[in-house]
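Presented below, as structure tokens, is a lone chain in the form predicted on its own.
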Amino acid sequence: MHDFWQLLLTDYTLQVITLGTAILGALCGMLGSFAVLKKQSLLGDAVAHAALPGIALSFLIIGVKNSQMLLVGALISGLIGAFWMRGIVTKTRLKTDTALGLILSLFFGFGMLLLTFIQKLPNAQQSGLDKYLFGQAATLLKSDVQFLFVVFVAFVCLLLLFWKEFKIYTFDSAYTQTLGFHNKAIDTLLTSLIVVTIVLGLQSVGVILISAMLLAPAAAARQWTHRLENMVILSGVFGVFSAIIGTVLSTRFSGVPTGPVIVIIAAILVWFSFVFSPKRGLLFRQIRRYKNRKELQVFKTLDLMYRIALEHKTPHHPHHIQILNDFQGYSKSALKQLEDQKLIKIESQQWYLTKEGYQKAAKLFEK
């Protein structure tokens, strides 16, 4: 761990790359929360694949690899894909998942066709477009990080400015319209922010993996909270954590690409959240079920004892423990809990209801 942090604090190139991926992780995490809650998890995947033909066409037009122009092409193509998908959903009877699948396969197929064509050109060697498939964070420059930071600040300001609209629209778009808000404008703005974030991440993470950066932090954060503001913040933190750890780990092991390592760290966070989150985690859910079964067993045992006690004139009449043997819910631990709660008294292999136990049973089980 000492070497880990020393490398991060002393290597300037690593600092630039790490800061860039951390900003990207924060952006993806925050905006991914809205995509997850709107049940549009494939949106990031579709937009990322839709951006590929834009990158290829930009290279064909300008003839050289210019990162800024390639990203402009990716942005235009991604926006066309995103809003084309919206049009399919609103103008036809097709569902969102079908439209996403159509856009994803159509644009990605066209993009791969263009890449194949570019490989046969004389200047194909300088294209380097294959890097946009899987990403290459090492190509991030200081100017790229500065631009990412400006975009991050601008997007945070937009989220704060339109927070109320985004929040209501995410959970109930129909109610948003009744309040007088323009649903189409809100959806266009939110989708545009997500598309821009995805395009900015293509250089670092690539077309194939950027959707995981968008969804994994949000999926992990969803397990820890029920409030949107907490989820957005926590998702951003998870995105930053995944980016920093993934970037440094990929640097420590030469030849390991940064994007896949970041995604693996994010996936580990999702797994950890699914298992260990107190409210939704599988582990605590099983613990709660176990406790509920134990409590139910205790209540069933108390109910049986109460029914037996009603058959006698004296509710505190002693009974032999063997009378409970045929009862399916009976267990020694249930008796022990009832005795600890002072609801029953056990003496010489005989039990009887205490005054407190009889009153509680009458209150619980009498109609």
Partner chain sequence: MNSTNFAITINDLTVAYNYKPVLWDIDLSVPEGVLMAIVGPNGAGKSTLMKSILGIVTPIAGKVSIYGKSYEKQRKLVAYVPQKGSVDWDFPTTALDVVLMGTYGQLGWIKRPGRVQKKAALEALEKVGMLALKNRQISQLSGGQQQRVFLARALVQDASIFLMDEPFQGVDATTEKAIINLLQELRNLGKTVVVVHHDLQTVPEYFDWVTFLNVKKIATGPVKAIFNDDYLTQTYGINYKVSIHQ
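Since this is a predicted model, take the numbers as computed values, not measurements. Positions refer to the first chain, counted from 1.
The next section is about a form of this same protein that is not shown, the form predicted together with the partner chain.
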item	value
In the model of the complex, segment of 75-83, 292-300, 220-228, 262-270 with a heavy atom within 4.5 Å of the partner chain	220-228
Partner proximity in the model of the complex: F276 to the partner chain, non-hydrogen atom cutoff 4.5 Å	no
Partner contact for T178 in the model of the complex: the partner chain, 4.5 angstroms, heavy atom	yes
The partner chain contact in the model of the complex: K142, any heavy atom under 4.5 Å	no
V150 within 4.5 Å of the partner chain in the model of the complex, heavy atoms	no
Among the candidates I186, L114, L133, I245, the residue which, in the model of the complex, approaches the partner chain to within 4.5 Å (heavy atoms)	I186
One residue of F110, F155, F284, W163 in contact with the partner chain, assessed in the model of the complex (non-hydrogen atom, 4.5 angstroms)	W163
Contacts with the partner chain in the model of the complex - residues in 25-40 whose heavy atoms fall within 4.5 Å	L37, K39
